[in-house]
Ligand code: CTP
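The form predicted on its own is given below as one chain in structure tokens.
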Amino acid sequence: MTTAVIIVAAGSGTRLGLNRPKAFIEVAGLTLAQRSVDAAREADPLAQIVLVVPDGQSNLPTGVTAVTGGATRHESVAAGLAVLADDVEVVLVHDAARALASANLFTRVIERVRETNAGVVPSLPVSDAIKRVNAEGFVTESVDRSVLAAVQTPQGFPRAELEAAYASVRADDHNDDAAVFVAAGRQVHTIPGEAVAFKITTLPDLERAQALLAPVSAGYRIGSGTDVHAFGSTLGLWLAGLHWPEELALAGHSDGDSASHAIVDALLAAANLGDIGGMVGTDDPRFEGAHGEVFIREAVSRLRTAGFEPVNVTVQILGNQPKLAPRREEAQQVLSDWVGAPVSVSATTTDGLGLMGEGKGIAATATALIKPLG
């Protein structure tokens, strides 16, 4: 089945206040329109790509069918439908403002349309509490969010059915293609969407997109680290920067804090500075019984000497004990203070498998994102 992707890029971008059409604003070196075109091409290199643009717009991506948009989104999509090739059977409609939507999302929509011969939209669960309010701004009732979904683009449809829907449904009654399709009596399926496929409408949205793409273009680096310690025979565990006096301590030359040590290895690896063993040695008497704070602060110091600083760190603890949840926030605060950047902490078990599953020790894995100073 031949595919076409209509990319709606005719909006003025008034709410961004940048005095040019939103879809032709650059983020990390590429316009929103170009990023949408690239994702569509990666998903289906043979697809016809129709770009709906403002009147007089130049500097368009190559290899697209360009058409001038209308006064409304409905009119713009209709203009795109009017220039489809005769052999197109599946149509995706995508907002260029959702420029971070991945090629995988396009592919999944295409495949689902072909499987079902129905409409398909990506969606995300609604996480915020939803209230119905009156004209005066007072809350009148709560809305059950479990039956709600936030829909995204690209939205996909069988070409003939979408054209028929657009021919039969009033333009001013509906705000997206799925609504038009349903109003025409046709079925729309949902598939899981993507958090990064958010719509860029305001300056904070644009800044969010720039931040998400910055690591690719600004010398950011990622490192990972793992540390494992067996339990010893005495009480007084140190883990994630916290003391657990009623838990068995981990055996080791220092305090045995697997989480702190994994963070050190992740930070050092990101900057190509070796590992904790190379930094302090495994039997240096100066570090006998030393706590994780000593090692983390030393790793951060070496990072800065090398011209980097931490952006954020995640660490996951693997083991049956202790129960992390009651002290998770405390651990995150302590570790974030030592690192000088946000640290998120999580924990899991291994379902009875291995050293950790048998209750003989604790492991931790960490990932660190760093960036050049300044």
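Keep in mind the model is a prediction, meaning the values are calculated, not measured. Sequential numbering from 1, following the sequence displayed.
If you look for the form predicted in complex with cytidine-5'-triphosphate, you will not find it shown, but the lines that follow are about it.
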| property | result |
| --- | --- |
| Segment assignment from 162-170, 120-128, 72-80, 293-301: heavy atom within 4.5 Å of cytidine-5'-triphosphate in the predicted bound form | 72-80 |
| Candidate spot 10, 22 and 97, all three touching cytidine-5'-triphosphate in the predicted bound form (heavy atom, 4.5 Å) | yes |
| Interface residue in the predicted bound form among 199, 208, 221, 186, criterion: non-hydrogen atom within 4.5 angstroms of cytidine-5'-triphosphate | 199 |
